[in-house]
Ligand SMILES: Cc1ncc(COP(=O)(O)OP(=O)(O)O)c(N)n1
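In the block that follows, a single chain appears as structure tokens, in the form predicted on its own.
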């Protein structure tokens, strides 16, 4: 909240003298309650000096309107135009927040990077406890950037945090004003709250993770589509297409067909490595290895709402996956495996080390089959949510039968433990 030209100028000079790694500018001009918090004379200095130094500017619709000469902003299209106009003042990114738009059933924010508009949808929480939402959002973005997140992911995390906090404190009764505070510390006492119109990733989806293999498909004379259909019929909870030998056009057509099957069954479909295929077939996400692009780079390409997994063998890699905004990690090989002959075997101790260090849900992979899957799950490791299998399902005559059998083993094991 910068009430005068002099204060804005002092801030700009200080930023030039002591440059920061990332500058988030929340132009606090109009409060959520409608009060004017900065003199009109400061607008030109905001636009001409401070915005040009900013990595991101985060006005709400009322502030965006004032910055642009009191233009009317009533629709998402108006918000897009406003974001584009504010971008011309010099920031690297713009986020126009639409939480104050009464006609919208969702809380829609518009993110603009100078080339692409991304609409971030969330639930509109019915509560009077909305004091400080903008300040919290900007602070959370800055915190995520300090942790190394990309801008888009930082904004997504911040939006989710604010919405979750609003949800968990919607019934608080503190103070007598028209707006109450909301609870920033809800995570200490409440379970996670997944929000947004995009399907949220659920850790339990890792329970029986089926990974296809092009060589095994050829060996048994099955198409990718037939393999996926059979795995889902048997009870696979998530499917990854790992087709190293397939031609791009052939792979894309198969991925589109598999996407139809998975969508109708409510089973997420991920693509191994190939972000281009995932984008083209509108897959639910991508899984990458350590030698591929980072999860943060994948997120920039896929946008919000997609599932991103990373193969990890060490606590440091698991921490980096968390920093990069991954949704889960795959850890292995737990046992020796024929699908990756040069893949080091971690064993139970290696799996345990990574699981204890990981802040993300973990799926174990590598040589797991019907004879040893229960031993893996009986470890009772924190964050270990399931097993990923290749040969145990797809190098068999009947994929559906093998999947059904393994699903039963895993279910029985978890019910005992």
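Note that this is a predicted model, so its numbers are computed, not measured. Numbering follows the first chain given and starts at 1.
Keep in mind that the form predicted together with the ligand is missing from the display, and what follows is about it.
- Shown here without its ligand, the chain is overlaid with the ligand as it sits in the predicted complex; no ligand atom lies within 2.4 Å of a backbone or C-beta atom, and the site is open.
- Checking 233, 297, 292, 113 against the ligand in the predicted complex, a heavy atom within 4.5 Å turns up for just one residue: 292.
- The listed set 272, 237, 227, 164 contains one residue whose heavy atoms approach the ligand in the predicted complex to within 4.5 Å, identified as 272.
- Looking at the ligand in the predicted complex, residues 24, 93 and 153 place no heavy atom within 4.5 Å of it.
- Using a 4.5 angstroms threshold between heavy atoms, residue 242 counts as touching the ligand in the predicted complex.
- For the chain shown alone, residue 388 is a contact residue for the ligand in the predicted complex, at least one non-hydrogen atom being within 4.5 angstroms.
- When contacts are judged by a 4.5 Å heavy atom cut-off, residue 133 does not count as touching the ligand in the predicted complex.
- The closest heavy atom approach of residue 64 to the ligand in the predicted complex falls outside 4.5 Å.
- Remark: of stretches 257 to 265, 282 to 290, 125 to 133, 170 to 178, the one touching the ligand in the predicted complex is 282 to 290 (heavy atom within 4.5 Å).
- Using a 4.5 Å cut-off on any heavy atom, the one residue of 344 to 364 that reaches the ligand in the predicted complex is 363.
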